[in-house]
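Quick setup: one chain, the form predicted on its own, written in structure tokens, and binding and motion questions come after.
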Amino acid sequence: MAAGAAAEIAAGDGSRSGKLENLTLWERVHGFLRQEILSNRLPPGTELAEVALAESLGVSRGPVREALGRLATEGLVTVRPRRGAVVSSLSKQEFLEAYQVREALEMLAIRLAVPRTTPELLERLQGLIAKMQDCAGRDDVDGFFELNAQFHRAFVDASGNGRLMELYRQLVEQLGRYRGSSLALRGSLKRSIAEHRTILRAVASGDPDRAAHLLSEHIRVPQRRLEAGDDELFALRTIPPKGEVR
């Protein structure tokens, strides 16, 4: 566990403008463990023993048990009867299924978003692509990933559908832990940028069907490579070193 975790959970973190003070103890434990999981500081397969967690965080087992239960409902933790909890991992098939759901959600999102697109949104998306181009030129795949996520999330936010936004948030949090796999399976940052530009042109022209089709083809690239047998790339859990993703 990160240093100072017990103090942060027990007393709240004043550096966060007092927001934690209004949370119950189990909610603080949940928030802390959730961030540790999503950041891969607690990677898939990590054992989460109630007693050890309670001692390290300076709380009783009750808040830890409640926090683990909530994480289980979010798909981040698997609670095994009489064996304790473990950070959930995705199999190759589950990863593919998650990508299929992501494709369906984003196609719906972009169809809803195109009629609502403003000049300000188009300018923002163009700016994100320019920044992605810069990251690709510097082999900054971590920065590229963050900008790519913002590009895709922009259409979900612009859809105006709250339920869609929530489903998408939960899904990308699951997939976000596998961003090394996703980037390795995509294979070419330059190709990805070109595809983003084509998608944006369809959005700017006001053609939701073409935009949805192009977005679908873009999202299917990692799926097709994995279906073709690139299991070693799926096994990557961290961003590949500079120069390895082209």
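Small disclaimer: the values here were computed from a predicted structure and weren't measured. Each residue number is its position in the shown sequence, starting from 1.
The form predicted together with another copy of the chain is left out here; the points below concern that form.
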Exercise. Within 4.5 Å of another copy of the chain in the model of the complex: all of 119, 147 and 205, by heavy atom?
Worked result: no
Exercise. Residue 176: heavy atom within 4.5 Å of another copy of the chain in the model of the complex?
Worked result: no
Exercise. Does residue 69 reach another copy of the chain in the model of the complex, with heavy atoms at most 4.5 Å apart?
Worked result: yes
For this session: Flag residue 100 as yes or no: does it have a non-hydrogen atom within 4.5 angstroms of any non-hydrogen atom of another copy of the chain in the model of the complex?
Result: yes
Problem set entry | 4.5 Å heavy atom contact, residue 112 to another copy of the chain in the model of the complex | yes
Exercise. 160, 127, 143, 84: which sits within 4.5 Å of another copy of the chain in the model of the complex by any heavy atom?
Worked result: 160
Problem set entry | Listed range touching another copy of the chain, judged in the model of the complex by heavy atoms within 4.5 Å, from 100 to 108, 149 to 157, 133 to 141, 119 to 127 | 100 to 108
